[in-house]
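One chain comes next, on its own, written out as structure tokens in the form predicted on its own.
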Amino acid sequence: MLTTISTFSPLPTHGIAGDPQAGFVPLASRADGLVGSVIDSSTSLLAAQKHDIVRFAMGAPAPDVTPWEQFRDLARDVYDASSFTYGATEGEPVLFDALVEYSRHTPEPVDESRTVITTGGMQGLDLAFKLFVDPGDLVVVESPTYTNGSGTALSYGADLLEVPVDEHGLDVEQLESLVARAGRVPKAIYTIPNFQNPSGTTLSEERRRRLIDLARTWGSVIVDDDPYGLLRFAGEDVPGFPALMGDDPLLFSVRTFSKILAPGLRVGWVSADARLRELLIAGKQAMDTCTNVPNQHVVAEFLRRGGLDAHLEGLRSQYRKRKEAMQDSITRHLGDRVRTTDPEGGFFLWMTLQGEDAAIDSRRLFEIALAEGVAFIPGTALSPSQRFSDAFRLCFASTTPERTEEGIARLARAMDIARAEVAR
């Protein structure tokens, strides 16, 4: 697979035409790097539909297993006047206490001196690229990748080097050769090591260790984005970058409660070299002053009362059933027309069209499928250079087995229509 450096630029100029009497509206040059998110935009698109849609598009926890009633009850207990004022930019002390205590017996104990609470994982990625990336710096991204992450790097002027993903995660051997071909080393390497978004694959321990060696040789920061690591429902745990790298200053880890509790809470955290903490605080103060204080208190109390472990066990059980249900439905309705990954955790599997169906463009298939009542994310939306026109991402976590069966049946009808179009 030919892999190239992308400097994707959606705007042709540094301004937009306004009312003729008002004249030209000037834009900063960085505006060219604001590519937006097809994934996030799908929320608005689906909300505008008037017919029934089986939603395999957005990567969100299943609504029926989100502990919203507990959140409501906790809010009654913890909310007071102090919950509705400004908080410390680095995070509420009560949340730090709960997070440190909970993580004490996990593979990734939280060190407050290295940690800043963020507004979801996305703010953590923004802080990472804000701190480390100058315009023109090379940033490695997986291909396919979570394009909210790669889009954030682009917003700071990065040149992206897409490196293929296979069943063992980021292809580190190809990474080495592609960097050599580029003639310069990356400033940062952005990876989602566990149950990768969108492929669902996991980076093997052997590749993690080799990636660490390369990062240290090059002086590259590993941006370790791991929202799904606690959602393993099969297979064996793989040591995370914090366990393998310790306090290495080349590691920047991004974590979030969005995938294990609820994305609407907008609470996450980052862990980095302790010497960066004041810079992280300053960078966050330029964004939002502080993360949502009431929701920090709710999350802290949820942790303090010991609810997370039981909740995670329930999620793992449900998501395993839902993944297997999706695979069974795919076998029944699509057979060898497609090939899919087989994730051992997380939310997603990656579907690649086979045979005659491989000529279908997933962007066109998305349009047909939406009319048929099922939604997914086309593969081209998950590559900065818009590769993977024959593939797409499906989220199995958000739908019950019964809804999944209906959705895959609708997808099969959409593929029939799309293949007939191609044949004409």
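Since the structure is predicted, the reported quantities are computational estimates derived from the model, not experimental observations. When you see a residue number, it is the position in the sequence shown, counting from 1.
Just so you know, the form predicted together with a small molecule exists too; it's not on screen, but the next bit is about it.
Undergrad: Based on heavy atom distances of 4.5 Å or less, which listed stretch (84 to 92, 97 to 105, 270 to 278, 192 to 200) is in contact with the small molecule in the predicted bound form?
TA: One stretch meets the cut-off, namely 192 to 200.
Undergrad: Among Met122, Val298, Val172, Leu251, which has any heavy atom within 4.5 Å of the small molecule in the predicted bound form?
TA: Selected residue: Met122.
Undergrad: Considering Lys259, Lys284, Arg208, Lys323, which brings a non-hydrogen atom within 4.5 Å of the small molecule in the predicted bound form?
TA: Contact check passes for Lys259.
Undergrad: Looking in the predicted bound form, is the small molecule within 4.5 angstroms of a heavy atom from every one of Tyr146, Asp225 and Arg266?
TA: Yes, the whole candidate spot contacts the small molecule.
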